[in-house]
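Take a look at this single chain in structure tokens; it is the form predicted alone.
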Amino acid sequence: MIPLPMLEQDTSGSEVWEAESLLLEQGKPYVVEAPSGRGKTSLLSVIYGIRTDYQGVVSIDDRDLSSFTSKEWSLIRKSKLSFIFQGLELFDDLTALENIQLKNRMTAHHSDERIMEMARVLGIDPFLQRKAGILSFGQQQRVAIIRALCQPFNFLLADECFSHMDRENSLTAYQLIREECEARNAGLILTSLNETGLPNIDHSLRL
């Protein structure tokens, strides 16, 4: 993947947007650190194909993203890219479990037992039958993490997905994400407002 500068974006001094080229490799974890408004969400949105207002070339597997059809994007988002959105995009009127199952039924990726195991690891198993809209934002983030893991992917895009968790829950959620990524030899691109202090991330980029 080779992002180049966005249009109408303050990119001065950015290690990403100001670079002549940048390669993000499958199988490696990356953290992108920057204060608000520097383009973290924009970067992930470009990679995911939901923003096209940039200059230069962005590629997946040596193919320019701009050449993908809508049908191809649908297949890519089902099998190659998974996204933990900053806004989470949960259905408030569905339970936490129904939000997770909605994705898993489309992909048949994880068993019910594995979903329950992940929920127990993240400490949200007592809340699975509650509607997502009444959960705390930190609980909703953990639901969104499990949902994003319920599909195959080559890269997981995680947009400030620990922002409303304490350090202990953040580390637990991160370890689950890393285990799932390593099991698939998938890359991880994690954005953060500040220094994360998360283990085993050697690739840090600043916007």
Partner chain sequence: MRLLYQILWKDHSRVHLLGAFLGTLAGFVLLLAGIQFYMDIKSVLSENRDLLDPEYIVINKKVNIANTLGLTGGGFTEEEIAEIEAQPFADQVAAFNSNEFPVQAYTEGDQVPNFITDLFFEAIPDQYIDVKSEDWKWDPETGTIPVIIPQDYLNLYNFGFAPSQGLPQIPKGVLSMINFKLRLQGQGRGNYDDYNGRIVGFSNRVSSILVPVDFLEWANEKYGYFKKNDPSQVIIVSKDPTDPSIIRFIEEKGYDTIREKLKSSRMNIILKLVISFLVFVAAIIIGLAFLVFLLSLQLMISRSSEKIRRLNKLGFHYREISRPYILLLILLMAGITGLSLLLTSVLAGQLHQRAEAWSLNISSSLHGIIFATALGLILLISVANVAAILISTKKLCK
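Positions refer to the first chain, counted from 1. Please read these numbers as outputs of a predicted model, since none were measured by experiment.
Missing here is the form predicted in complex with the partner chain; even so, the following discussion is about that form.
Only one segment in the set 171-179, 63-71, 152-160, 25-33 has residues whose heavy atoms sit within 4.5 Å of the partner chain in the model of the complex; it is 63-71.
Although the partner is absent from this view, K78 contacts the partner chain in the model of the complex, with a non-hydrogen atom inside 4.5 angstroms. Of the heavy atoms in G49, some are within 4.5 Å of the partner chain in the model of the complex. The shortest heavy atom separation between E89 and the partner chain in the model of the complex is within 4.5 Å. Although the partner is absent here, R120 is not a contact residue: none of its heavy atoms lies within 4.5 angstroms of the partner chain in the model of the complex.
Residues of 81-109 placing a heavy atom within 4.5 Å of the partner chain in the model of the complex, in sequence order: F85, E89, L90, F91, D93, L94, E98, Q101, L102, K103, R105, M106.
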